[in-house]
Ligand SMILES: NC(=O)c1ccc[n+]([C@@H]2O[C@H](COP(=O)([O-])OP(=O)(O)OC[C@H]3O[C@@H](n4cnc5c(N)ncnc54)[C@H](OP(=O)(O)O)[C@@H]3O)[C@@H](O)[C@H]2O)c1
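Let's start with one chain on its own, the form predicted on its own, as structure tokens.
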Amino acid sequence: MTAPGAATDPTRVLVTGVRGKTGAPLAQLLAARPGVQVLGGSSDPATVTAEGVRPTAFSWDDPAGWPAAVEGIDAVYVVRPDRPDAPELIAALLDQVPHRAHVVLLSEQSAGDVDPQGWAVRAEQVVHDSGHSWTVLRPSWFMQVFTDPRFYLDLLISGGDLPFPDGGAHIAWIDARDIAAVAERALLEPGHAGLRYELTGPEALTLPRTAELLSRATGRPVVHQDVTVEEAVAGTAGFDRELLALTYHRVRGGSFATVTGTVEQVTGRPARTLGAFLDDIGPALRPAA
């Protein structure tokens, strides 16, 4: 791919899920690059307000809008949709992406642990077989689950138990901003084609140690509670329940415990620790003096 700024025309990059945990910081990094035009894909383009990002209609539920979204692009960041038809949707999208465009897929750590012939691996395989140059990102659990109201934000605000069926295993938490930093380079720079990057933070932590760090950052007691998988998935149903249960079983099996140095190898700086991440967000969650 031609380096940004080396050609007259800008490098056009489509970011699907531009308002997501990795899409938002990635779009900011790309927009700061000279000679890069960032298309921010969203099902609600009016909500895409980041400076330097062009709002672009994109929804997995509206294939009719894909040709306009991918027209003339040089690279695309594909956030895998967590739904059972993800492999088929990704394959259909890439059929419409210009052949020259490089594809970066957001997958998950140790995707093959799910099932050698399973859903996550099939999503990666359709990218491999698409005829495009490609890079696959396989990150561990995002640190941002602790700032997401769907997960643990209320816990950090109020303190209390951290219910997590870990079985004593470790997790190499990763900051989504580090995933975005790797994606930026994979989208724009040579040397990443045909590679699968396992992305983690610099340390694997037990859930009790994670709870200690959360307590220290927020000034409120947080205590890990090792619940059963069945308790953890209560209230969910269908594919979401199956996927969540499988993920927790993988945690207990150690799938997210391996630490890699890939973030530093690709970006030139170490991945953030959970402690550093919590230093950033902790003050906003502490009680007023």
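Numbers follow the displayed sequence, beginning with 1. All figures in this text were calculated on a predicted structure; none of them were measured in a lab.
What follows is about the form predicted together with this ligand, which we do not show.
Peer 1: Scan R177, R80, H192, H102 and let me know which has any heavy atom within 4.5 Å of this ligand in the model of the complex.
Peer 2: Only one option qualifies, and that one is R80.
Peer 1: Exactly one residue in T218, T210, T135, S140 has a non-hydrogen atom within 4.5 Å of this ligand in the model of the complex; which is it?
Peer 2: Contact with this ligand in the model of the complex is made by S140 alone.
Peer 1: How about E264: is it within 4.5 Å of this ligand in the model of the complex, going by heavy atoms?
Peer 2: Looking in the model of the complex, residue contacts with this ligand do not include E264, since no heavy atom lies within 4.5 Å.
Peer 1: May I ask you to state whether G20 is within 4.5 Å of this ligand in the model of the complex, using heavy atom distances?
Peer 2: G20 belongs to the contact set for this ligand.
Peer 1: How about S59: is it within 4.5 Å of this ligand in the model of the complex, going by heavy atoms?
Peer 2: S59 belongs to the contact set for this ligand.
Peer 1: D44 near this ligand in the model of the complex, any heavy atom under 4.5 Å?
Peer 2: Looking in the model of the complex, residue contacts with this ligand include D44, since a heavy atom lies within 4.5 Å.
Peer 1: Based on heavy atom distances of 4.5 Å or less, which listed stretch (183 to 191, 144 to 152, 210 to 218, 92 to 100) is in contact with this ligand in the model of the complex?
Peer 2: Residues of 144 to 152 come within 4.5 Å of the partner.
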